[in-house]
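Let's start with one chain on its own, the form predicted alone, as structure tokens.
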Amino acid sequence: MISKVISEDKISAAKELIYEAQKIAIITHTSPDGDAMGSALGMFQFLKQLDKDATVVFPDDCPRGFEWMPGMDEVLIHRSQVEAAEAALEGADLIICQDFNSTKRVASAQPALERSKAKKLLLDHHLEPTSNFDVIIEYPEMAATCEVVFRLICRMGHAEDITKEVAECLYTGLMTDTGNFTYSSNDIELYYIVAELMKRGIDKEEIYRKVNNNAKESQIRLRGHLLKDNMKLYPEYHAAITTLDAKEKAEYSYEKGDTEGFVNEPMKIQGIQVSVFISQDKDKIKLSFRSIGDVPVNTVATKYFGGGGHKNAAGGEAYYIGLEQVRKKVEEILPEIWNGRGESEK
């Protein structure tokens, strides 16, 4: 049995916004991951069942392995389709913001999002959303934003409108945001939801293969190089730090998504409970944090790198500072991460 977690007043408010709107834009955070894409496309497919004029906007390109998802061929990419994407945002009656808690997370699309006079509905599972949304449905205890979307659709009385296409998208987000159900996935209701999605005819094994078994040779060699040459262990803090610089990206013909999920690899080592992956981007250094059990990483991601996330999965960024400086900073805060175990999420 799936309980009614979302409050009735939030369901009613979201339902009213969706029913009254005819033109609806859906937008996710920059560098969309499986949950962002899955929740957005799942909502898109559902809105089509309601005969809504819906458009999905991603701030930038998607990683390889998700091209097959239903509706992906209709997505507008803001980075390369600025005019069309901004027209969709500014011309909408309602904008559904999914899988982010602040408008700054849509990067270059932020001005158009904030300029739009459309009502804004936030569907998310991160902590501390900002207040510039008309209706906020945000539950950090849920495994993924796809879970939020599934529960919302059902509570709106539209369980029958969860088609196979909707289910494929939502399952993809649940699978990827839990590391193939290896973390943030101990709630038994999550598996009731998976069962409901499977009833719609999805092939979860095929979805796994499409997302995970599509690597290039250069991608596999890059991952081998990172593990062999760039991963450093800190046994006293049960931690691992791995770095990737711009030169190495060029050497291994790096494409977006080539290191998706890599941050989890070091935690396969016995005794490692914290992993940090530091990657050099064009204009910033990106950090991914993962941990196991009662070791929180979201607090340091927020405190030192302007990021955030969940207790066991978080991210951050650093600007105007080099890769090596960021690595040294992470080394400095490893004691803080390890000594913070047992603290509750903030």
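Model, not experiment: these values are computed from the prediction. Each residue number is its position in the shown sequence, starting from 1.
Below, we turn to the form predicted in complex with a small molecule, even though it does not appear here.
Close approach of residue 313 to the small molecule in the predicted complex, 4.5 Å, heavy atom: Within the cut-off, so yes.
Exercise: residue 288 in contact with the small molecule in the predicted complex, heavy atom 4.5 Å: Close contact exists here: in the predicted complex, residue 288 approaches the small molecule to within 4.5 Å, heavy atoms only.
Residue 296: touches the small molecule in the predicted complex, heavy atom cutoff 4.5 angstroms: Because no heavy atom of residue 296 falls inside 4.5 Å of the small molecule in the predicted complex, the answer is no.
The small molecule contact in the predicted complex: residue 155, any heavy atom under 4.5 Å: Taking the distances in the predicted complex, the answer for residue 155 is no, it never comes within 4.5 Å of the small molecule.
In the predicted complex, segment of 64-72, 300-308, 36-44, 51-59 with a heavy atom within 4.5 Å of the small molecule: Single hit among the candidates: 300-308.
Candidate spot 105, 126 and 317, all three touching the small molecule in the predicted complex (heavy atom, 4.5 Å): Yes: 105, 126 and 317 each sit within 4.5 Å of the small molecule in the predicted complex.
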